[in-house]
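This document opens with one chain alone, in structure tokens, the form predicted alone.
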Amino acid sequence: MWSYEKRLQYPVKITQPNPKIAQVIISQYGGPDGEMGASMRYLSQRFSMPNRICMGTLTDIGTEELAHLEIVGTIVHQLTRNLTPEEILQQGFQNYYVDHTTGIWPQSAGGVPFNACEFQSKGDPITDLFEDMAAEQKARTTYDNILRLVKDPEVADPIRFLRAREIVHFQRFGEALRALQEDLNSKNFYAFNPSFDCQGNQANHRCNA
């Protein structure tokens, strides 16, 4: 159950449209390392986590990524609203405009649509957490690339906030991985995971030792 607070996690107030930059930033909406894939990755992986700390971390961060999706969508919307046909042509926005007008649609900066292949849910907790840490670093790199191109402080400020959160998420996933590894080295792990016996073999009973 989520409680939705009707305000952005970080304010976005862009006064000057710039559809050229919008086409770059939209990659963090539906691109290969964007917020849509991140939220779906973490909220899907959480179900197979045997450790309550890991499950809670994935739920928390997956929910926050939905808030980041809202921020990125708002940035793109404010950069493309009230465009004239001349501005659309001059700034190379016509290809997107023909298909979507100025609606927000998940794609990469190169125009590739979002699909579920952008993320993985492997069912192995260590595998998934390592992927999550790598995903946060890739998202941070994408935000770094955006910041190299964006000079308008109205746009750069919320992007810097999003970049900073990727670093925090990387650290939290590292903490979750360490907590999981501690459980793997103790019998506590099997109390959380009924799919394995005391020797780590798949079973349909809990460890009673």
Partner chain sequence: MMTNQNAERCKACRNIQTLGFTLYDLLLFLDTHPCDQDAQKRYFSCLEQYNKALAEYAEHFGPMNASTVVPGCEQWEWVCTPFPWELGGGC
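This one's a predicted model, so the numbers in the text were calculated from it and none came from an experiment. Numbering follows the first chain given and starts at 1.
Beyond what is shown, the protein has a form predicted in complex with the partner chain; the following relates to that form.
- By the criterion of a heavy atom within 4.5 Å, R81 is counted among the residues contacting the partner chain in the predicted complex.
- Among heavy atoms of R140, none comes within 4.5 Å of the partner chain in the predicted complex.
- The shortest heavy atom separation between D144 and the partner chain in the predicted complex exceeds 4.5 Å.
- The closest non-hydrogen atom of R160 lies beyond 4.5 Å of the partner chain in the predicted complex.
- For the options A176, V150, M36, M49, the one in contact with the partner chain in the predicted complex, meaning a heavy atom within 4.5 Å, is A176.
- Considering the partner chain in the predicted complex, the lone stretch of 94-102, 108-116, 131-139, 73-81 in range is 73-81 [heavy atom distance within 4.5 Å].
- Residues from 153-181 that approach the partner chain in the predicted complex with a non-hydrogen atom closer than or equal to 4.5 Å are F161, R165, V168, H169, R172, E175, A176, in the order they occur in the chain.
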